[in-house]
Structure formats: C-alpha cells, structure tokens
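What follows is a single chain, given as structure tokens, in the form predicted alone.
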Amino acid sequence: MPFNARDHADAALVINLNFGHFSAIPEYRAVNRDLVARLLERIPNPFVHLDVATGAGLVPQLIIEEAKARGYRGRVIALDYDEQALELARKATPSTEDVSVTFVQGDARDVRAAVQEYLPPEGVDSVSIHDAIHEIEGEEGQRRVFAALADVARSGAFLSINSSFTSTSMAVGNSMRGHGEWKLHFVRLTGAKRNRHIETLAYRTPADYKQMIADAGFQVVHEEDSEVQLTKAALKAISRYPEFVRGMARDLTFANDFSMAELSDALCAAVDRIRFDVVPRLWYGVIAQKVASEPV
C-alpha cells in the first residue's frame, strides 16, 4: 500500500519522534553556529530577529549564545507550523536577561499574518530559515517563503538560509554511496518497492536558491559550502524526524501497513548496515541583505 495511506502511530509511540534529536548533534549545531555568527556580525545591537521554521529552537539558542559572547541585546521571534515542535523549543530555549524569545505558531508562507503584533514598525533587522526551505512544497511555495521574509524585513536587513538538500549536497567523499546504501537497506528491511517516477525531495541547485533570494529583493553577500561528517549517531537522530522519514519513503510502496514509529525504527536499523562509520554531506549556506528601496 502507498506510504501516505498511513503515516501515523499511536501518540505514545510517536511522542519522541521529532527534530530535536538531530538538532542536538554537535556537528549539526556547529554548521549552524557558524552561519549565525556571520549573521550577527552584520546586525545592529540591540536587534530584532525572526526565525522561520524554528523546529526545536536551534537558531534562537545559537543566537542567544552568540549575543552573549558579543555583549548584544535583542529579541527573537521564532515561528513554526508544528505545535509539538514549538512546545519542545519553548522548553529548550528560555529567554535570558539579554535576549527574549517569543514562539509563535504559523505558516512560513504567510509570516506577517502570524507575527504582526511582534514586528517593529520598520521591520525586523534579520530573518532566517535554516534547514527547512527544502521541506516547502514546490518552487512557488519556496518563493512565497522568501517573499514573506522580505515583507517583514526592514530595508538593509539580513537573511540567513542553509540547506543540505541541494544538487551538490552529496558531491563529496563517499556521500553518494553512503546514502545509497542507507536507502537500499531501508528498502530491504521494509520489503518496499521503489517507484522511480516519484521524486523524494527537490534537490535544487545553489543557483536556484540564489535566484529565488534575489527575486525576493535580497542581494547575496556571503555563500559557503560546509562539509559535515555525519556519524551513525547523527544518521539515527535524523531518522527520528518524521518529515525526513516521509521524504525517504515518498517514492516507496510498502506491502505492510507500517506506522511512522516502525518506519523510523527501520531507518535506524538500516544505518547499522552501512559500511562507512561517517557519511559526509555539504550544507549550502547564504547570507543576503535586503536591497534598499528606491525613493518614490
């Protein structure tokens, strides 16, 4: 039966399936910490920042750390569509004396409607969407996200974005073979059949993202490819994130009616069968600045 026919389990089984497992991985935190540091060196003190698709609250946590190191004060608005993710983020990311964090539920494609009451009149100083733009369905949806971020950003504000789902993300070392083995063992463990006419996730080129960013009114001022060595512990951690499991299983048909928890377990078990101790992956990151509006 198609995977989408059943992608849930009892609440007791799925309560621990979330992005928080992966956001705690040191290698993942490090690649995001670097981009956050590059962002904060460009914004004013005090600042107002908006983080979209905040997940388990990693970007706000890193902003708090970096602000403390720099002696900055500010305010973070953190938006996510998933209430369970927001609850985890609230618990893991308390406000500090210098940086307050407000968590808001809402759609990344319609940011202003969700956060209007928290916005400064001139707009926020910076915006971010880390490791999430690839989860937005279709190019039109992704363009709406960038446009929504530009809409709430003041003139001259900065954007940070990264993704490990680009056309170049596996163009390093044994990445392609490692991920291929992982998928193969997952297929064998579940008895699934692949439909090669179905795309799993859209692996856009860096140029695609830069064009979307430019079309939204931002100018790229920094871009980077950061190689991250994903250990088996990291691969198992991302296997506990339902959206990643759905992406891995999107092109598969299963003979049995697996729950999300069972598919997650199978994906974790497949990790142990990979020949490599680490699987590298490239994170593509960008800092861009909103182009000043022409005087009327």
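What you see is a predicted model; the values in this text were computed from it and never measured. A residue's number is simply how far along the shown sequence it sits, counting from 1.
Form predicted together with a small molecule: not shown, discussed below.
Even though the partner isn't displayed, in the predicted complex is Phe254 close enough to the small molecule, meaning a heavy atom within 4.5 Å?
Residue-level check for Phe254: no, no contact with the small molecule.
So in the predicted complex, is the small molecule close enough to Asp80 to count as touching (4.5 Å, heavy atoms)?
Although the small molecule is absent here, Asp80 would touch it in the predicted complex, with heavy atoms inside 4.5 Å.
My question is simply whether Arg75 lines the interface with the small molecule in the predicted complex - judged by any non-hydrogen atom within 4.5 Å.
Residue-level check for Arg75: no, no contact with the small molecule.
Classify Val36 as contacting or not contacting the small molecule in the predicted complex by the rule of any non-hydrogen atom within 4.5 angstroms, answering yes or no.
Contact with the small molecule, no.
For the spot marked by Ser23, Leu58 and Tyr241, is every residue within 4.5 Å of the small molecule in the predicted complex through some heavy atom?
Every residue of the candidate spot has a heavy atom within 4.5 Å of the small molecule in the predicted complex.
Which listed residue (Ala85, Val124, Ala148, Ile213) meets the criterion of a heavy atom within 4.5 Å of the small molecule in the predicted complex?
None of the others qualify; the residue that does is Ala85.
Just one of Ala237, Ala53, Ala270, Ala67 has a heavy atom within 4.5 Å of the small molecule in the predicted complex. Which one?
Contact with the small molecule in the predicted complex is made by Ala53 alone.
Taking 4.5 angstroms as the heavy atom distance cut-off, pick the stretch from 172 to 180, 218 to 226, 187 to 195, 125 to 133 that is near the small molecule in the predicted complex.
Within 4.5 Å of the partner lies stretch 125 to 133.
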